[in-house]
Ligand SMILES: C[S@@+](CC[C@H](N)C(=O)[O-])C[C@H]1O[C@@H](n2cnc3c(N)ncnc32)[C@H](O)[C@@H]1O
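A single chain comes next, written as structure tokens; it is the form predicted alone.
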């Protein structure tokens, strides 16, 4: 098929096909005598894929990466693109909300506009700069084996099994409920709900964790994303669970994460979080002082390195946003929050 025929068949232009060729996206055969391009069936399939990806906003550079990596499946790449689009959508929603607040305030002074614009920029920066400084892609392969529940000077996984079992018991999904597990890792919590007939969606920022989760539990739908930009539509899940993940966010970002959970949770939904947390600041200081007094500097350093939650802050936010809340503390560092709308 020659270039004009191919363009007409694909509902595009010859100029577009030449442009894709100049970018190295396609390499049609050329007649040695006259240099006319000849498009094979495989060329047409490749071009149709490029055109489709461009329609949903994928850059030419990203498309080239996709097409040049035969081991990267289309579904895998589309999942990455979905995550990026949700982040853009949430950013647009924040912008609209800021404009609405400006209009409602009816006080459009320069200082007021500057304050709201700064708030918007801060939200954008927090979401766009979120990153994994713990290298979970690197930890993924040996993650399950490295969950040591005893034998450490300071064991962050003390009570791990009890915590996950309690989450499972409390939420008790019904058949066909949609359960979202945020920071699903290799699926140790989310997989517990498959036997109930629930549809489990696992969100994680680590592609390697998602890959291993899918290998272990093919029935779990995996999606790339994170606490601050969940790749789901509003009011689309019945239950949200999370374990040993929220403590990777500072307190102000934890509240943004709860806002995202509230956004995707149905009106009658429930959420349950088992994580590293203290009852409040006083409890945190008391626990750290006890570790100091016993000479356990490892424990103090681990607590300082991450963001163990202040449970009282999370509970206050949830109550103010219409949740009925129950809490429990398994040990000095592992707590649980169970909340219903």
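Residue numbers count along the first chain shown, from 1. Worth saying up front: this structure is predicted, and the values here are computed from it rather than measured.
Keep in mind that the form predicted in complex with the ligand is not shown, yet the notes after this line are about it.
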| item | value |
| --- | --- |
| is_contact(residue 159, the ligand) in the predicted complex, heavy atom dist at most 4.5 Å | no |
| Contact test in the predicted complex: residue 205 vs the ligand, heavy atoms, 4.5 Å | yes |
| is_contact(residue 136, the ligand) in the predicted complex, heavy atom dist at most 4.5 Å | yes |
| Contact test in the predicted complex: residue 227 vs the ligand, heavy atoms, 4.5 Å | yes |
| In the predicted complex, the residue from 269, 173, 163, 185 that sits within 4.5 Å of the ligand by heavy atoms | 185 |
| Position in contact with the ligand when the complex is considered in the predicted complex, options 220, 249, 261, 178, heavy atoms within 4.5 Å | 249 |
| Which of 194 to 202, 261 to 269, 241 to 249, 88 to 96 lines the interface with the ligand in the predicted complex (heavy atom within 4.5 Å) | 241 to 249 |
